[in-house]
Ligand code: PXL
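Let's start with one chain on its own, the form predicted on its own, as structure tokens.
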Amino acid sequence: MKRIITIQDISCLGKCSLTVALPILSAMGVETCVVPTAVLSTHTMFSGYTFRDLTEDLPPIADHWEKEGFRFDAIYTGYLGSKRQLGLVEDYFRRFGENALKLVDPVMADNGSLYAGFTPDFALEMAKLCGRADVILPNLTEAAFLLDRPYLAPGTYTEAQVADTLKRLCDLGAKTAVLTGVSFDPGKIGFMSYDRDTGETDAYFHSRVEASFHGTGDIFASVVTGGLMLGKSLGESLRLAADYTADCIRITAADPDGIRYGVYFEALIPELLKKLGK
């Protein structure tokens, strides 16, 4: 069984980050070792949530694991809340990443704006972490801040511009860049990717669901990581993740509470496993 590290926050209520990554990866048959960066009473769609920073716990966890000689097949990072945490993740890469796939989901922005608490300086530090990864999974907003370039707003960009953005992302140092939320047709949405070594691009689109939910990027990144750990190619893993995420959004869109709590990914885990032959 493959064993991975995932480093991101955990919300006690609400479907995002570790409360998405752990069940999905475990169901896929991947041993998932968690490094929580913070504990929140709820995810940030709710107001008045509590927040406990766990930054100080990251170094002793790494010290213990290194002392025990633990080895990992991948390191997958999600939401990281400070420049210090970015530096500590780089330390995890140094200690445990020599023979491990390093996948970074640079969660920090969407719809043309940074999330609350983040700054352009943080984005440039995140770009350095992305440069140490094998696979990065930004959306178009995050790509703009990583590259310190204008945001490609929906309906304003061409395929050539997206391809150029992907190549510039790989210039940061990542082996493969994947842009999520790409759309050249109002009724379709999907991803484009670029492999620095082969120079090849890939793209995949499905029907757009007119709804937006918290945590869908975490679902996508978790399934991609799981697919890669199960021996699937990156293209296969990306398609599996895109279809599963879209299906989860569809079954959630009819429920008015879905927007608050997050996507009902649990109901379709059996379908995901069937696609994997499990």
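From a predicted model like this one, the values you see are computed outputs, not experimental measurements. So that there is no doubt, residue numbering starts at 1 and follows the sequence shown.
Missing here is the form predicted together with this ligand; even so, the following discussion is about that form.
Mapping the unseen interface onto this chain, T55 falls outside it, with no heavy atom inside 4.5 Å of this ligand in the predicted bound form. Among heavy atoms of Y92, none comes within 4.5 Å of this ligand in the predicted bound form. At a distance threshold of 4.5 angstroms between non-hydrogen atoms, R239 is out of contact with this ligand in the predicted bound form. When contacts are judged by a 4.5 Å heavy atom cut-off, G227 does not count as touching this ligand in the predicted bound form. Contact check for S11, T44 and Y115: all three have a heavy atom within 4.5 Å of this ligand in the predicted bound form. Only one segment in the set 56-64, 26-34, 242-250, 207-215 has any non-hydrogen atom within 4.5 angstroms of this ligand in the predicted bound form, and it is 207-215. Proximity to this ligand in the predicted bound form, taken as a non-hydrogen atom within 4.5 angstroms, holds for one residue of V107, M192, C170, L140, which is V107.
Checking Y79, F96, F145, F122 for any heavy atom within 4.5 Å of this ligand in the predicted bound form turns up a single hit: Y79. In this stretch, 153-180, not one residue has a heavy atom within 4.5 Å of this ligand in the predicted bound form; the partner itself is omitted from this view.
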